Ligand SMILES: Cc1cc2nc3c(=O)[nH]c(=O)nc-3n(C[C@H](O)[C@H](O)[C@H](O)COP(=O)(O)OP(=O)(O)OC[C@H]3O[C@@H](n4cnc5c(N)ncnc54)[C@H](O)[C@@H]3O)c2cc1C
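This document starts with one chain, in the form predicted alone, laid out as structure tokens.
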């Protein structure tokens, strides 16, 4: 038997706060039986639930989430998604894997886009492209190398000069940029709300329902506050929190990252955040800062990281304000309205953990900060694996599997050493 806990975030999601209030589904009570039980109503969990009903229409699916939809990690990211996931350093050596993984990401994106279209989910999905922004000589070298590889792969991309960057995003902070048009921006809390609220009738969704214990008897027994679920099959779709159930302890690391959205700007200031009506900047270093335009009159800055727990709210606000003002010093009079943190799961080798943990027990975790399309794909594929549909060998080969991570205290020591080293290398990208 394994016991779990759930981390309550220090601040509400800014994305969720900007939406109209939503009434959460009730918490689960009483004793239940189901063919399938899913823990976690993020992108992976809702995709798995939807696909299970598509493949097994008469089955009962119970989906529980410890938080409320929109306030979990799925509603706390930067809102970037793309059919082809590009690594920070794209080289001839890893281009082959990018192509293999891209085939499956396209499947996940097509499935997600189909749901958005079918149910009219208003999440601001916009094909704005993505800009890799470089503020250092090292970063510029990476972007130029990536541009050459993309051309060899037949993928459209454009190198941007400093002046181009200043025109498009309203800051001269970046030496150059690499624009890739096949990428999308969206409002993540609106998306996960829409996905959850449009689930088919065969899925019973319960919010504010923390699974306290998970045990295998003849079937899987889930114990919650004032409730229990007996299920033939269980999916753990809680990413970093899979570890709270005692699984993948040597495969996943929980990392907290932070974001802020500015106050709305007046017309004069809005005119100074770039000529592009929608844009997003990803950094040229993994410890770098992500930025994007939110609507016509706000900016988002995402930066900072901490290991297995959140930084203090004051430290987060101060740190994000510095990142914001370094890039847009002319907007120092525009404050940060929403500041929050979110958790994601990283793996040592960048590959997720996906598949069967035990008889009737399955999991997907380790999105490595790219969870919207990948989470949707892997949730869909878990449902197909459980119901015996499809061949998943090619997917497993393309993504690989999360490698072993050293135990404590070596893990914490290693994280701190590597983080300091990478932050130094990142320089102005951070």
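None of these values were measured; they are calculated from a predicted model. Numbering follows the first chain given and starts at 1.
Below: the form predicted together with the named molecule, not depicted.
A heavy atom within 4.5 Å of the named molecule in the model of the complex is found for exactly one of 385, 367, 395, 61: 367. Only one of the listed residues (98, 199, 148, 210) places a non-hydrogen atom within 4.5 angstroms of the named molecule in the model of the complex, and that residue is 210. Contact annotation for residue 237: at least one heavy atom lies within 4.5 Å of the named molecule in the model of the complex.
Residue contact check for residue 283: none of its heavy atoms lie within 4.5 Å of the named molecule in the model of the complex. Proximity of residue 241 to the named molecule in the model of the complex: non-hydrogen atoms within 4.5 Å are present.
Contact check for residue 28: no non-hydrogen atom falls within 4.5 Å of the named molecule in the model of the complex. Taken together, the three residues 133, 173 and 319 all stay farther than 4.5 Å from the named molecule in the model of the complex, as judged by their closest heavy atom.
Partner proximity in the model of the complex, defined as non-hydrogen atoms within 4.5 angstroms of the named molecule, places exactly one of 79-87, 105-113, 118-126, 328-336 at the interface: 79-87. Shown without its partner, the chain has 64, 65, 66, 67, 72, 73, 74, 76, 77, 78, 79 in segment 63-79 as residues with a non-hydrogen atom within 4.5 angstroms of the named molecule in the model of the complex.
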